[in-house]
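Just one chain follows, in the form predicted on its own, and it is written as C-alpha cells.
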C-alpha cells in the first residue's frame, strides 16, 4: 500500500488527503494547526459521501489516516508528498527545505500553488513540481503539472491511479492555465458589479444557466467550433474575431479594492447565499458535481471519461461461491422525496450486478464488441426494506439456470449490517448482435456460466424465488 504525506491540512490539503485515502493509500498529515484533525475530518465526511457515488464499482478499502507532529515522521517512505501551505514564497521555501531534508529520493514532491512557477519554488535548491488541483480535490479530476519532465511523468502515473486527470503544462507561466482563465472572468466580473451592471447573483446566473453548462462537457474551443456551424472554427473566427478589437473588455485593468467595493460584493454575496452554512453549500456543490459527472460518464465526455478510465482499473470481484457483484454506497441521486432509494434504482443496481457477473463469465466489453451479449427479457423485483443516501449497498448474485441460450440470475440487495433490502430475479437470453437474434454463447462463456450454475444449485432461496421468470433448473 502506497503512502502520501500531506503538508498543510486546510481545504486543499484536506481534499488531497481524502483523494488518496479513499483510493486506498495510507495518508500522513503534518500541520501544526491544532484544529487540523477536525478540519480534515469535515472534508473527509463530505468526500466519503460524494466520491464513491461517482463509481459503479467499489473503491479500494480506505487506507490509514494519521497525524504527525514531526515532518520527518510524516514524509518517511512516502511515494507522494503534497505541500498545500499558504501562497507565500518565503514560507514555501522554508517548508520545501524541511521536506527535502527527510523525504525519500524516489518521492514526488508536489506543490498546490495556484500561481508560482517551478523555477521560483526551486530557487533555493528544492526539487518540487507544481501539482495544482481544483477544489474539491476529492471530486474534480484536473491537476496541472509543471516542472521537470521526468518527475511530471512519474507524477502523472500516480495521479491516474487515484482517478485524477494530470494535465502537463508545456511551459512554466505565472498561474499556469486554468487560473489565468479564471482570473480573466474574475476581473470582468468585478468591473460589472462595481459599475452596477449586475449583482453577484445575476453574474453567477449568467454562468450557470448558460456557458458554464457548455464548458463542463466541451470546453471553450470545441464549443466555439460548433458555433461556427458546418464551416467550423475558421468560420467562427472570421465572424467573431474582429469583435476582439472592440472596447468590450477591461481585462488589463483591476478596480481598486476599496472598502466600499468590498462591502458591496460581500453584501451581495451574503444576500445571495448567506442563508446557507458553508458545509451545506459544500454538500450542495458536491451533489451537483456528482450528478453532472455521472451524466458525463454515459458519453465519456470531459470528467466522465476520466471516471470511466479509472473505474476500469478497479478490481472485479473474485468468482467465489456467491460472488459480490455490487459494493457501493447509495448515491444521493438515487433517493427520492421520501428520502429513500427510488424503486427504479433497485432495478438499476441489479442491472449493474448483471453487468458485473457477465464480465466474470467472460461476456465483457471485448466479447460484446465481437458480437455477443445477453439481453434482459424479464425482471421480478421484491421490495423488502428501505435504503437511504450513503447506505452501504451490497449485491450478491446466484445463478438459477445457466444452460443453452438462457441465463437466470437471482440478485440479493443488502443494506447496512447485511439486512436484505430487495431481491431481483432476472431472465436473460444470449444474443447475436450482428444477426439481432438469439444464439448460443461461446463455449468459454457457456462453460463458466455452467460452473457457476452447478456450484449454486444447492443454495437455498427465499420463499417465492425462482417462480416468476422461469422455473429453476
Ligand SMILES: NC(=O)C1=CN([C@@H]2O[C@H](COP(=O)(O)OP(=O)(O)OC[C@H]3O[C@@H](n4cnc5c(N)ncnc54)[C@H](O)[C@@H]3O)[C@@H](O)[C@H]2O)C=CC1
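All figures in this text were calculated on a predicted structure; none of them were measured in a lab. Positions refer to the first chain, counted from 1.
Same protein, other form: the form predicted in complex with the named molecule, not shown, and the subject of what follows.
Picking from 287-295, 227-235, 128-136, 375-383 the stretch near the named molecule in the predicted bound form, with a 4.5 Å limit on heavy atoms, gives 128-136.
Proximity of residue 33 to the named molecule in the predicted bound form: non-hydrogen atoms within 4.5 Å are present. Residue 91 belongs to the set of residues with a heavy atom inside 4.5 Å of the named molecule in the predicted bound form. Although the partner is absent from this view, residue 453 stays clear of the named molecule in the predicted bound form, with no non-hydrogen atom inside 4.5 angstroms. At the 4.5 Å threshold, heavy atoms of residue 364 stay clear of the named molecule in the predicted bound form, well away from it. Checked against the named molecule in the predicted bound form, the residues 85, 158, 169, 203 give one hit for a heavy atom within 4.5 Å, which is 85. For the partner-free chain shown, 7, 8, 9, 10, 11, 12, 13 of 1-29 come within 4.5 angstroms of the named molecule in the predicted bound form, judged by any non-hydrogen atom.
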